[in-house]
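In the block that follows, a single chain appears as structure tokens, in the form predicted on its own.
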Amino acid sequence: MSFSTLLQNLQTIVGPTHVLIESADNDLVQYVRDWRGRERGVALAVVRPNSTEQVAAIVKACAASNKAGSGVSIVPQGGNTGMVVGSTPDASGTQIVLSLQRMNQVRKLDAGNGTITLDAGCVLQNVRQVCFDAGFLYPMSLGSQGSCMVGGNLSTNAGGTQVVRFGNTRELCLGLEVVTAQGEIWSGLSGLRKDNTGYDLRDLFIGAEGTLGIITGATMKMYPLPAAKLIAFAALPSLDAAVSLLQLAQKHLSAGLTGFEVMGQFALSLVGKHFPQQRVPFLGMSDAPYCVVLENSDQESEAHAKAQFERLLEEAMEAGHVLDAVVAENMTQAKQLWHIRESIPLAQAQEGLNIKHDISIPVSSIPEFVRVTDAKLAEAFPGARLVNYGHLGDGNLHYNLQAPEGADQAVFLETQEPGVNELVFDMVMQFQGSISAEHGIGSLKVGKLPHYKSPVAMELMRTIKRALDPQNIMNPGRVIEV
């Protein structure tokens, strides 16, 4: 089957206006360039279905074309906000971008079951608002929530700022609807919290980055809205103090601790430099190399939440874990404090090209990991600047490297990134960590995974991939090479 015949079939399925072809009058950059602007691919077409049935028909058409020798494959795409070039086409011009942006309907909100069932193309921020309007909390919170979609969150098992309490996307999901590589529809949207009837197919597709099938719908957990939510921004003398403060916060706040984010002073200085309208507490405080944002979500009352915070901060200051702290007096101040943390990636992008690491380390080992790895990087790459911040509550650091001041950033990235990655990843493994905590593998790390994953694990993953996608039609070249 020729490409032209395939495109005609796709137009029949979704309508001519929803099969987009690159042309002088039709720039597909939003679909073919990754979020960080590192790669731009070439799509055979961008296809935009509006139902699960249309997705299944598209997959069947592509599978038939592939059997006929076309070599076509499918790249599922949500908001295209990924960090590892996992949802954009390669340069071959043989890949269909299957965009889920038209599949954006809430199918059912079940207050009694505490669940919401929705299309995979629903934007995260919209989902949070729908739940809020119904008196519930949807706890997934990401800096990209105005653009990212639930299907992408599931496909990468996204984390965010409230993992310390609610877990990654996997923990929020009770059921999935998936189109397989053969174009069949598996519907598992029951919303059951207990279903022990064999292999957990849901968990197989979560975090698979579209390499095993296409998530088209999901049933997700909702939670009661807290009676009060308080935010504190604290200056700390060290990362060791941050770990100690985390332990105290867990003791005093228990399940009320819904956020615990750490930020290095250089990361905060970038926010102050590029977003001077934001007032960053303790910026440049010489004896406070780190700050943290803590969130206490209380189910009783604001008075109870304040009393908890006061006891926590008083004990932390007496122990020397906290040097100074500010507590938001209202929701406006709380949003401003959170916005500082959320602005770090944007400020780093303003500063220029950088080398990103999304790593996970046992929380107790993070201070020593940072001490040792900081020193090794300083010795191997003099002048490089460390932008260290992230979700300390669950051991996930965004341990990034900015080029030296005044250096050619593109040259630094091109010449130094392989060496930087090898050093950081080797240290991660020494500390029994993971080279990807929440961003996924995509195509950026696919060649590195075999070096940091056991041969047995790699072969199990290949076996699953071959069994579910024998044509290798689903997002090939991502996560695992077969």
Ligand code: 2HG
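Quick note: we count residues from 1 along the sequence shown, nothing fancier. No experiment lies behind these values; they were computed from the predicted model shown.
Form predicted together with the ligand: not shown, discussed below.
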**Contact stretch among 409-417, 64-72, 41-49, 431-439 - heavy atom within 4.5 Å of the ligand in the predicted bound form** = 431-439
**Asked** For this chain shown on its own, do 191, 202 and 219 all sit within 4.5 Å of the ligand in the predicted bound form, going by heavy atoms?
**Response** no
**Asked** residue 83: heavy atom within 4.5 Å of the ligand in the predicted bound form?
**Response** yes
**Message:** Even though the partner isn't displayed, in the predicted bound form is residue 252 close enough to the ligand, meaning a heavy atom within 4.5 Å?
**Reply:** no
**Message:** Taking any heavy atom pair closer than or equal to 4.5 Å as contact, tell me whether residue 345 reaches the ligand in the predicted bound form.
**Reply:** yes
**Asked** If you check in the predicted bound form, is residue 128 within 4.5 Å of the ligand, heavy atoms only?
**Response** no
**Asked** Looking at 165, 356, 229, 385, which is the one with a non-hydrogen atom within 4.5 Å of the ligand in the predicted bound form?
**Response** 356
**Fill in**
Picking from 400, 265, 360, 117, the single residue whose non-hydrogen atoms come within 4.5 angstroms of the ligand in the predicted bound form is 400
**Prompt:** Counting only heavy atoms, which residues in 373-398 are within 4.5 Å of the ligand in the predicted bound form?
**Reply:** 389, 391, 398
